[in-house]
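A lone chain, given as structure tokens: the form predicted alone.
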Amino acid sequence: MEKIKIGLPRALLYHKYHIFWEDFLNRLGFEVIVSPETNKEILKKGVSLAIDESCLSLKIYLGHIDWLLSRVDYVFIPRIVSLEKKEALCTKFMALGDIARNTFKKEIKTIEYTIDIIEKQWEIFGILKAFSKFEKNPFKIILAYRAAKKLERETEEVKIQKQFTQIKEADNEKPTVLILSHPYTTYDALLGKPIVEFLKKQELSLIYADIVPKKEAMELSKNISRDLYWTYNKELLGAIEYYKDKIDGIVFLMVFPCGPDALVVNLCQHKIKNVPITVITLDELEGDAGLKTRLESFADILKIKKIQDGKRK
């Protein structure tokens, strides 16, 4: 019997949860098809499908869905509203299914479930409901869910340990820079990856804000803001606090026109005084010549500051 093909758009929360999603779907016997890394064709298609006011990351997401449509039976689109009682996610994550269905109309069939802790809609119950039409044995779904969650936790622990080791063994003469951005920006082939590779060539040691003990980061974020409402942005603030004694500078990557990120940039610029910050705003019209010049200048500033700080000691 031919396997049901489920598509995962390689955009937005894929970069945060793909270990769990892929392992869970594979354990239930689906054929998982992931769209390719973002390229100019995918971006161009996403821009043509989205309304102008959409953020760049959402435009890219629609481009990835378009690539998948002719290749899969279903597109997997979890709806994540809230992960904590007094917090929420950006509205784009709440509305992804609606946006996809209204954009692609009859072309798309989706598998969706909701996580909304505020409304007591737990992930496991949403998954059981969404996949009961494919798997009649609920215990098999639960076992696949638990195993995939375990793999996700173990993978995250390994990543954190590797970053800790990197920080410990870092060359003290090289400035250490925190890449402050969401995973869907940092690891996107068209957005963050070229910037990360360019910074590495500037002889900087890079660490990543998404690789951090989450509970500690969430608590530490209160040192910068006790009122921030968006969970993923709180994680970014917490990462700054967690790594602040280990870094020489921060490169904040944000996509246009992201409201929550714009607020976090403002908070950082007003409250973080001892660590140099540069903000890179990405949109579909951005050229890389001026961007590289800015990054080179920032790297030079950090290197000079590192030498001067060393002499003072």
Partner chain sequence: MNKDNKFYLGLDIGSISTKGVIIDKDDNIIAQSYLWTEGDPINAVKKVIEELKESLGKEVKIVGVGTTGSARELIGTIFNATVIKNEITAHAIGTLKFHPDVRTIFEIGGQDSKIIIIDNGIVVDYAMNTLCVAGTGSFLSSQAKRLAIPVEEFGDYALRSKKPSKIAGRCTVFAESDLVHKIQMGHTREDIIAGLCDSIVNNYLNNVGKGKNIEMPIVFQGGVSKNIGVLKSFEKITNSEVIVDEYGHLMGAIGVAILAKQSDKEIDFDFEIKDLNFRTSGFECGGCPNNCEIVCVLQGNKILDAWGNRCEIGREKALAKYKQ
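Residue numbers count along the first chain shown, from 1. Everything numeric here is computed off the predicted structure, so don't read it as measured data.
Form predicted together with its partner chain: not shown, discussed below.
Engineer: Just to confirm, Leu190 within 4.5 Å of its partner chain in the predicted complex by heavy atoms?
Structural biologist: Within the cut-off, so yes.
Engineer: Would you check, heavy atoms only and a 4.5 Å threshold, whether Asn39 touches its partner chain in the predicted complex?
Structural biologist: Asn39: contacts its partner chain in the predicted complex.
Engineer: I'd like to check something about Asp283: if you look in the predicted complex, is any of its heavy atoms closer than or equal to 4.5 Å to a heavy atom of its partner chain?
Structural biologist: Contact with its partner chain, yes.
Engineer: Consider Phe298 of the chain shown here, and say whether it contacts its partner chain in the predicted complex, taking contact as heavy atoms within 4.5 Å.
Structural biologist: Result yes; Phe298 sits at the interface with its partner chain in the predicted complex.
Engineer: Can you check 148-156, 120-128, 84-92, 190-198 and let me know which stretch has heavy atoms within 4.5 Å of its partner chain in the predicted complex?
Structural biologist: Careful reading of the contacts points to 190-198.
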